[in-house]
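We begin with a single chain expressed as C-alpha cells, specifically the form predicted alone.
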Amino acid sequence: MQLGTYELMIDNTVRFYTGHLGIHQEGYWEEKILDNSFEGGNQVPVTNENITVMVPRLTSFALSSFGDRTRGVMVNGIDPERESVLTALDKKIVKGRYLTDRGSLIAEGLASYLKLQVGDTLVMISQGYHGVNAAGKFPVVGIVKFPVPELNQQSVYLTLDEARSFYGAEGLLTSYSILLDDPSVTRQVQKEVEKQLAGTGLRVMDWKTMMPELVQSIELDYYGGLIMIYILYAVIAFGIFGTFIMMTKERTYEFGILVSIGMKKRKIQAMVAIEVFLLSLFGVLLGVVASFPLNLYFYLNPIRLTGNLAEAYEKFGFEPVMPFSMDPVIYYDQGLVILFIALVLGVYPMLSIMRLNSVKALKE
C-alpha cells in the first residue's frame, strides 16, 4: 500500500505536471517567465525509441475574470492531440467538449469559483512576451476535473496557437514534456536526449530534479515505513524462533534414542537442517500465495477515502485514494528477508543437537 501510494503520487506528478523528462530553455526552471521560452514550432526536436510522446507547451500566468469575480490562473497552451496522450485531458471532461479550436477548457474548481458555465466567456489579462500587454476573451467550450486540488483550482487550457497569439509569443514554447514507455530508463534516455540537444541552449531535466519536494516527502515517509517493517520482522523472528524451540524440545527424546543406537549427530543435524529449510521455504511460498489474491483485489479496487480524511489528503494536494502496488520486488524482497531470518534462526536446533547428552535426553 505504501509503495502503491508512491507510484500514484509519481504518476500524478508525471502526467499532470512534468512528464518523466522536461526540455526547457536554460534558466527557465529557475525563473519561469515567457522571456525564457525558446523557438519550438510544432516539430519534435529529439527522437528515442523509449519516448511515447513529446508534449509541447506554452505555460504562463494570467488574471482571469467573469462577472465580479477574479482569480489568478495557470494558462497552458497545448497541442490537444498530444496532450491527451500524456494527461488524458480529453477523459477528464465533465461538461462540454474537448478543446479542438478557439476557446478554452477550465478546471471545475475554477469554474465553480468564477460561476462559469459552458458557453460563457472567460476574460484574461496578463503580461506577454517581452512585456507586451496580453488581453483576450475566450469562450468556455468545456470543464475538466482533476483529482489534484491545486490543478482543479487554477488551470486554463488554450490551443498553442491561441496561447501564442494571447501572449505575443509566436512560434515559442516554454517546455516539452516527455512521457516514456518505461520509467526505469529515464536516466538513460535523459543522457541520449542531452547529446541530441548539445549546443542548442536547451536543458533536459528528469522529474526528480523538477519535483524535489515530492522526492523528499517520499523518502521521509519511506524511512518511517522501514521502522515499522523492522518491528514486524522482529515479531516474525520471535514467532519462528518459538516454533524451532518447540520443534527441538519435543524431539529431544527422539534425538537421544538415535544417538544411543549409534547415529552420528551430524546426520541428525543434516536431517533437521533439511526440515528447517523446507519448513521455511514452504512457509514463505504459502505467505506469497495467500497474500497475492488480497493484494490483487486492492490493486484493482483501490481504497477510496471519504470524509475528513479525504479532505486532509486534498489539502496536501494528494488524490484521496490508497492504491496497492503489484511490483514483484515486494514479494521477492520480503520472501528473501523472511527466509534469511528463518535460516539464521535454524542455527539453534543445530547447536542443541551438537550439545545433546543422550542420557539426559532419554530421561526427558
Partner chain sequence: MSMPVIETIKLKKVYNPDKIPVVAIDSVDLTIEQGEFTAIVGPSGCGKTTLLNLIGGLDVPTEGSVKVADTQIGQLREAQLTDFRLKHIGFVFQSYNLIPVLTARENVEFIMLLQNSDKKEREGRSAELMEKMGMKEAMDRRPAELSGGQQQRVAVARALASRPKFILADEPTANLDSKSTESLLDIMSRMNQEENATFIFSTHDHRVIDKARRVITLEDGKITSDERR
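Think of the rigid core as the biggest set of C-alphas that the two forms share within 1.5 Å after superposition. Model, not experiment: these values are computed from the prediction. Residue numbers count along the first chain shown, from 1.
We do not show the form predicted in complex with the partner chain, though everything after this point is about it.
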| query | finding |
| --- | --- |
| Contact check for 224, 230 and 232 against the partner chain in the model of the complex, heavy atom at 4.5 Å | no |
| Listed residue (258, 75, 151, 110) with a non-hydrogen atom within 4.5 angstroms of the partner chain in the model of the complex | 258 |
| Listed residue that, although the partner chain is not shown, lies within 4.5 Å of it in the model of the complex (heavy atoms), from 281, 263, 123, 288 | 263 |
| Among 265 to 273, 181 to 189, 242 to 250, 289 to 297, the region lying within 4.5 Å of the partner chain in the model of the complex by heavy atom distance | 265 to 273 |
| After fitting the core, residue 188 CA displacement of 2 Å or more between this form and the one not shown | no |
| C-alpha of residue 254 off by 2 Å or more between this form and the one not shown on rigid core | yes |
